[in-house]
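Take a look at this single chain, the form predicted alone, given in structure tokens.
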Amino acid sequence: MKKYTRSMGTALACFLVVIALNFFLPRMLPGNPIAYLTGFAEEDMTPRQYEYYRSALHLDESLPAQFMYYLQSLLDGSLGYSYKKEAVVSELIFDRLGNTLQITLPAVLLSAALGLVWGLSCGFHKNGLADRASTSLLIVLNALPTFLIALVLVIVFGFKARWLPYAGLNSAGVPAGGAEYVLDRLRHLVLPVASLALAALPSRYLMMRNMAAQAADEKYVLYARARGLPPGLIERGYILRNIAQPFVTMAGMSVSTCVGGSLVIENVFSINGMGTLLSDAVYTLDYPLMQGILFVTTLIMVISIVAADIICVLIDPRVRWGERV
């Protein structure tokens, strides 16, 4: 149990560090902090605009007072103000976050499920034909960049076969609401979700395969085989229960990685999500928006890590009872 308490504590500490960096970095960098906090160069501002931004950002007050205003923007959910887009940062992010999560969450679940089942089976039957072929294939797939996987799927299933749409989240002219809209959205999600899932699959498979292969030589597995138990029962009832925790932890930590990886996928498939919003923020030097996206991404990471640790506690009775069973 102490292990998971430390993990949660580490995640919380990282979250607090990101909050502090978001506040202090623009004020510590060389140059005028107004330029970093607004995205506008000082020479492009009139004296009146300069004084307005200085007052609006509370830079005319003490550093502790500025930090309190910053914390207030986090607590009230606004996350600051984007002067480039003239909108509250949280509104800009949450308008796009739903599109990103529609890609990320199915991809995480799909890659985790495939990696678990496939890796467990190949690891249990290690050195067989299926194990050698699968491991070789996924090592090659692991070397391919995400954008290349996405482009191959677009060419094969979008351009050549014309089975699936390859741009946006809905077709033009489809009215919002109703079964037709939902089915159209699902068709548009197939290629981006498959691209992100295939990019994430090799790490899940290889981790599960290696742990299962190592566990297959343990004494408790050899005893189970000697008793004549079915292979499926040994895989699920003996091996999986003992190696599930590291896999669940990795899957939880990968959520934020997939959110970051969606940047490439969203650009390839022309999806207005967090990735394209971050690209716009970087290109236009919209620092408040970049800070807000970093904050939300870190928050997602912390939530996913804590959720993974809770699942590990629930599935392992040794952790629930203080490792006395």
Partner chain sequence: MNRGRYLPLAAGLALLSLFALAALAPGLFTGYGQKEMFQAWLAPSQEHWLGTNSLGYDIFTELVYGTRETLLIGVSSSVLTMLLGAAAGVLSTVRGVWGWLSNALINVFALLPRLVTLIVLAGFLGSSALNLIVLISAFSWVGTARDVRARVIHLNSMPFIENCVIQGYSRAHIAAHHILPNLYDLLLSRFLLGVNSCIMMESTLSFLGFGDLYHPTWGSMINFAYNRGAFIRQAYNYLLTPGVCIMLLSLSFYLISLYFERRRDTIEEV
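Computed from a predicted model, the values in this text were never measured in an experiment. Numbering follows the first chain given and starts at 1.
The discussion below concerns the form predicted together with its partner chain, not included here.
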Using heavy atoms only and a 4.5 Å cut-off, determine which of Gln66, Ser279, Gln49, Asn32 is in contact with its partner chain in the model of the complex.
Ser279
Could you check which residue among Leu97, Val154, Ala244, Ala251 gets a heavy atom within 4.5 Å of its partner chain in the model of the complex?
Val154
Its partner chain in the model of the complex: contacting segment from 89-97, 111-119, 177-185, 134-142, heavy atom within 4.5 Å
134-142
Quick one: does Tyr223 come within 4.5 Å of its partner chain in the model of the complex, counting heavy atoms only?
no
May I ask you to check whether Lys219 falls inside a 4.5 Å heavy atom distance of its partner chain in the model of the complex?
no
Just checking whether Tyr36 would be counted as a contact of its partner chain in the model of the complex - the rule being heavy atoms within 4.5 angstroms.
yes
Does any heavy atom of Lys160 come within 4.5 Å of a heavy atom of its partner chain in the model of the complex?
yes
Leu59, Ser78 and Ser82: each with a heavy atom within 4.5 Å of its partner chain in the model of the complex?
no
Residues in 277-292 that come within 4.5 Å of its partner chain in the model of the complex by at least one heavy atom, in order, are Leu278, Ser279, Val282, Tyr283, Tyr287, Met290, Gln291
